[in-house]
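Presented as structure tokens, the chain that follows is alone, the form predicted alone.
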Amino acid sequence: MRLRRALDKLGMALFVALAALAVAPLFWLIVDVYVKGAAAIAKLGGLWTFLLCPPPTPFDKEGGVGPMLVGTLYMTALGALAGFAVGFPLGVYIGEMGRERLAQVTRAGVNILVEFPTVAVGLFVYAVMSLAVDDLNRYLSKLPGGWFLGPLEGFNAYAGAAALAIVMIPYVALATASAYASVERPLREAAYGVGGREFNAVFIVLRKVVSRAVLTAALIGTAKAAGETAPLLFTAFGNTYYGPFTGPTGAVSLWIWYAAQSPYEVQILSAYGAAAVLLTIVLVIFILARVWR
């Protein structure tokens, strides 16, 4: 008996040690980004200067990620809305009609899309935008443009948002499908009895049952999209100034990629600060997802 208890404690200690070993690199990475990022932000003029000002040139002592932060928030918000608008009904279809052949094929396609290289998603959107931009501009050029409407250039915020939406769709669809498929039969029958029509039962009554899971999936997908760099390389392309969203649009992740390769110390510092800002955005979204779960 004593030997068994000793083995149980030894096994538990081994699991705890392995778990700590697995998460230690993650915590070390987060701490390292925040320590170096906070020092960089202080050195480049403080938090508000960093959040509002354009990035520093090699000859500046201060600067920030203002234009890129605006671009990230705008493209992520649009991408999240579009990704949810497509991913949610797709997930409902897969979850409710899972035995149908077309639903199974759709699930397989969504599973493939999860593993699809995001840089290929960016290339796909770039190719589509290249073919469609001239036709779109025939209509958009007649509208009052400003910052938000056309005519569109080859690289623009809307192409970036479309790429982020495609990245987000499978996360929302698969989580929604799992949530709907997990609804127990008596509850489903009650929903159909209360809702009357299938549409009401699925999209109104059952939606309230799975709303937490769906919202969690939407937030996790949004966090995933907010941190993406590769799909924006061929769509938003990036810039370093406050410009209209109809042209090349900056993103924090793109600036980190550019600045980290710079030979100038001030821009490398800016990359550390930008990494801390981007990590904060992603962590806040993840924390919201955990709170709502």
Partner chain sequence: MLGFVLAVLVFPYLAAAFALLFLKMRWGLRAFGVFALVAVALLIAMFLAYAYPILEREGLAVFTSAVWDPAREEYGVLPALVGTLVTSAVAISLAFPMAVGVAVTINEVLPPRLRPLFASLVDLTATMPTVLYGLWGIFALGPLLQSAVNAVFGPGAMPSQYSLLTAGVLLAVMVTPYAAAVIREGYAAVPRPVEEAVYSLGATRLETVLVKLRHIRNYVVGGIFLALGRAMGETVAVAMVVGGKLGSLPAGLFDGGITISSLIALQFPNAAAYKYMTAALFAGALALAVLGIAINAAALYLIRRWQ
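Residue numbers count along the first chain shown, from 1. Under this definition, the rigid core comprises the largest set of C-alpha atoms superposing within 1.5 Å between the forms. Only a predicted model underlies this, so the values are computations on that prediction, with no experimental measurement involved.
There is another form of the same protein, the form predicted together with the partner chain; it is not shown, and what comes next is about it.
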query: Phe148, heavy atom within 4.5 angstroms of the partner chain in the model of the complex; finding: no
query: Exercise: Asn111 in contact with the partner chain in the model of the complex, heavy atom 4.5 Å; finding: yes
query: Contact label in the model of the complex: Ser130 to the partner chain, heavy atom within 4.5 Å; finding: yes
query: Partner contact for Pro117 in the model of the complex: the partner chain, 4.5 angstroms, heavy atom; finding: yes
query: Residue stretch of 41 to 49, 58 to 66, 228 to 236, 242 to 250 approaching the partner chain in the model of the complex, non-hydrogen atom distance within 4.5 Å; finding: 228 to 236
query: Heavy atom within 4.5 Å of the partner chain in the model of the complex - residue from Val183, Leu73, Ala190, Leu136; finding: Leu136
query: Answer option from Ala175, Ala80, Leu206, Leu90, heavy atom within 4.5 Å of the partner chain in the model of the complex; finding: Leu90
query: Rigid core superposition, Val284 Cα moves 2 angstroms or more between this form and the one not shown; finding: no
